[in-house]
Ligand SMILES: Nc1ncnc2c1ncn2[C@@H]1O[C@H](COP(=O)(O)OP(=O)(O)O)[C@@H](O)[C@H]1O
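Only one chain is given next, in structure tokens, and it is the form predicted alone.
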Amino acid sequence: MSEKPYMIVFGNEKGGSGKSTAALHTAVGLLLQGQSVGVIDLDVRQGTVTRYLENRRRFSATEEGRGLKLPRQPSVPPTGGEGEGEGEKERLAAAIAELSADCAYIIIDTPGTDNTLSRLGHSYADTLVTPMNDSFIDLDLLAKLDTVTHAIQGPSTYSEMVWEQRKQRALRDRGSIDWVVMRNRLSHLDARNKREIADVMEKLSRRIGFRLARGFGERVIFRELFLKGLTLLAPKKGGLTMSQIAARQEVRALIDTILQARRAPPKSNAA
């Protein structure tokens, strides 16, 4: 391929945010649009994306799963303990080069912890997607807040790490990182806490430099799909429930939000 693949990185230093589920649904959504997609799983300890794709590959070999689309997936094993070895940079670059030959999109799922592989993965992002559970506990990942007034006192450790990787990306190839924070596992109730978080997130988006995306509601169906490596985007025999139809729309809306930066003209890397 002559055109450089578009890099979509899913990152969050807190586990349980729905990062891998969002990454796989995005990958399959792009495949269903006729795009060529590669997936890199940098979370070598949990390996959720890898196991998801293994389940999908096994199910695709059955009569019921015939025709399932699969992304390409090279392996990026760590050279040291927990992704802290000296050879991670070369191994990740080799995996990206392998996929770049015939993939329009490369999706990277990073570990839910701060290590060399995670930082490297973030630095390659054209669009970085950070799923965040809709709570003040998770919001602490992005910013330090006044406990009473919720006034923003400054960026937190993860935001500072993202800013550093934005600088690394600019130094490496003069590229910029579009940052999308995804409010995930949203409650269906119009609670005061939900409105307060929305207000703080809007202020943070302007101060720290990210776009906001509505993520997925809290639904059991996402956990059930894992065992067969399925997503909500493929047709389902017997039809979908209203809740599943709504969830499918959430997935499509997220993909559309992610791709907005690719359709937009380039801009500076300043936050």
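These numbers come from a predicted model, not from an experiment. Numbering starts at 1 and follows the sequence shown.
Just so it is clear, the following notes concern the form predicted in complex with this ligand, a form of the same protein that is not shown.
Asker: Which is the contacting stretch out of 33-41, 212-220, 65-73, 52-60, given heavy atoms within 4.5 Å of this ligand in the predicted complex?
Answerer: Only one stretch passes the 4.5 Å heavy-atom test: 212-220.
Asker: Does any heavy atom of Arg169 come within 4.5 Å of a heavy atom of this ligand in the predicted complex?
Answerer: Contact check for Arg169: no, nothing within 4.5 Å of this ligand in the predicted complex.
Asker: My question is simply whether Thr130 lines the interface with this ligand in the predicted complex - judged by any non-hydrogen atom within 4.5 Å.
Answerer: Taking the distances in the predicted complex, the answer for Thr130 is no, it never comes within 4.5 Å of this ligand.
Asker: Evaluate Gln46 for contact with this ligand in the predicted complex, applying a 4.5 angstroms cut-off between non-hydrogen atoms, and reply yes or no.
Answerer: Yes.
Asker: Would Arg252 sit within 4.5 Å of this ligand in the predicted complex, counting heavy atoms only?
Answerer: Output for Arg252 is no: heavy atoms all beyond 4.5 Å of this ligand.
Asker: Heavy atoms within 4.5 Å of this ligand in the predicted complex is the criterion; list the residues of 4-26 that meet it.
Answerer: Lys14, Gly15, Gly16, Ser17, Gly18, Lys19, Ser20, Thr21, in sequence order.
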